[in-house]
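Shown next are two forms of a single protein chain, provided one at a time as structure tokens under the names structure 1 and structure 2.
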Structure 1
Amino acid sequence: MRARVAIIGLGLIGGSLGMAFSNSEQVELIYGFDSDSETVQRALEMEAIHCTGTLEAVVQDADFVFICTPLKSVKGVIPSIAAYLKPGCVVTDVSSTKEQVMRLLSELPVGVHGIGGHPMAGSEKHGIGAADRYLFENAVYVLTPVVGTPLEVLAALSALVEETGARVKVMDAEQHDRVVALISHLPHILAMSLVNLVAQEEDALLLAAGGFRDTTRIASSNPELWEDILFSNREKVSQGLDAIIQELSQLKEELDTLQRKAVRLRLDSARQVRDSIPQRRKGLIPEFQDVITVVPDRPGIIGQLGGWLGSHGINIVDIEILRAREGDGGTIRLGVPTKQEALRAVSILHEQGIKAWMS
């Protein structure tokens, strides 16, 4: 049986879920609702949803309801839809903290299943315009059921969510919130605090154009949203702050007392741990070989690169402009499937008078 899905809130996450579902065999029909009519129109055009209506109308026929509004609106949505839900229907959300939402979901009518959800994927951009059917590809998607959730219901939601390309991880809501305090909320706080500290130092921002700007990217996120996130997970964030303050104080002590070995152990351990975190793949194929090439800045050069390699049967599976100077040229990274093809690509480019080497 193919499922009918309702999506409430058609921003980056809601829109991307819709685009992924509309390409799924498991999904028959996608209803969508958003308080902004332009957003709804755009979602229809982008085929993220098939039809729309009032909040009540879009949920009444749905097997699965995805609440994709900001966290603070979830509280208002649940009572508005409760009376219109089909028996056996599954209601889930996508917000970044789960304990609060689980309390709200527990107020759903008997026979309706509330399961928390948190797709660990995002983008600097937001809104339906940034929606992408591959947003969740290889991302972790956490589901937080309750004690009474029937296994087959959890399995059905998991199967649907996996249609987006995400990998489902089932967790307890409390454990989820403790983990995201460390891996998401604390990094945000550190970036924010660092930026505010640097702002007090004259000339510092001038030097900050490169690495610092990149490492503090998350400090540019929506403050309203983050106020909500931090306060919805206040206790666990506070515990995380205690822990990081302790780490930093110990390190300061080691620096002040010239304990080089202790500092080195921290650096070694961090590198080892960080290198062990699996990389989320976004290339067309899991493994590929990089070729670096220095090309002149002239119209059509990227098409030409593709053409030269393509005419020899070599497929470019990844491409990145690393650096460039206007009117001069640039350094481009090309990913090709195998080492053998990389070697051939290098010699094909050399024949065209283009500098190239394997990375």
Structure 2
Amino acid sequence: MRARVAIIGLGLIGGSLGMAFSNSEQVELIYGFDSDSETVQRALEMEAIHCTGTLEAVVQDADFVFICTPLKSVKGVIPSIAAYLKPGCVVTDVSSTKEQVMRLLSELPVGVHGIGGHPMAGSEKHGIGAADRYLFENAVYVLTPVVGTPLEVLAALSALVEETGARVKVMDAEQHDRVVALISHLPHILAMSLVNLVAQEEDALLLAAGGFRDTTRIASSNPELWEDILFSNREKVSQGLDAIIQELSQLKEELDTLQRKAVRLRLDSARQVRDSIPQRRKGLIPEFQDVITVVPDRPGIIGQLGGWLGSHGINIVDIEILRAREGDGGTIRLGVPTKQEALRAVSILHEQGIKAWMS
């Protein structure tokens, strides 16, 4: 039996979920609600949802309800829809922290199941215009079930989430919040702090190159959203800040006392750990080998690269424009499945007069 899904909040995450579900054989109908009427209209045009209505109306017949509003709004949405949910319905959310939401989900009516959710995917952009059908492809999607949730209910939600291309990880809410404080919330604080520090230095932003932009990209995210996230997880974020302050203090002491060996060991350790993280996590997208190309600035060149390699049976599984100069050319990174195919790709591109090498 195909499911009926309701999505409350049609921004980046809600819109992307709808677009992914619209191509799923598991989903019969997608209801959508957002407080902004223009957003709802755009979601209908993008086919992220099939129909809309009032908040109460969109959840009445839903088998699964995804609450994709900002965290501060979830507190109002859950009690507002509770009386309209049918028995057996599964209610989940996409909030970046879970302990607060789990307390609300645990108070749903008997027969309605609450399971917290957090897709580990996103963008510094926001709104329905940034929605992407493939946003969750191969991303980890954490589920935090309420104690006592039937296994078959958790399995049903997991199967639906996996239709987006995500990989489900079931975790305890407290453990989830502790981990995301370190891998998500602290990096955002560090990016924010670095940008604010550099802004005080005259001409610094003018000199900022790719490394600075890459490191601080997430500082462009929605400030209101991040204010809610940081305060909702403030105890664990505070603990993480204590740890990073201690780490930086140790590094400062090593620099002040000319401990070059200690600093080198610290740098080398970080490099080894960072290099051990796969470019793409194992799952639907395989590991790949990079090929770097230098191409002229002419219409259709990217399509030509794909055509040349495709005609020899080589699939491009990842692509990125690294640098470009208008009227001249640019550097493009191509990801191909294996080292053997990368070697062949380099040879094929050389035959076409394109500079290329394996990364």
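Only the largest set of C-alpha atoms that superpose within 1.5 Å between the two forms is called the rigid core. Just so it is clear, the model here is predicted, and its values are computed rather than measured. Every residue number counts along structure 1's sequence, beginning with 1.
Of structures 1 and 2, select the one representing the form predicted alone. Looking at both copies of the chain, structure 2 is the one that matches the description.
Core-aligned, is the CA shift for residue 40 between structure 1 and structure 2 2 angstroms or more? The answer is no, as the C-alpha of residue 40 shifts between structure 1 and structure 2 by less than 2 Å after core alignment.
Threshold 2 Å Cα movement between structure 1 and structure 2 at residue 23, rigid core reference: No.
With the core lined up, does the C-alpha of residue 12 move 2 Å or more between structure 1 and structure 2? No: residue 12 shifts by under 2 Å between structure 1 and structure 2.
So with the rigid core superposed, the C-alpha of residue 297 shifts by how many Å between structure 1 and structure 2? The shift comes out to 3.8 Å.
When the rigid core is overlaid, by how much has the CA of residue 354 moved between structure 1 and structure 2, in Å to one decimal? Core-aligned C-alpha shift comes out at 5.6 Å.
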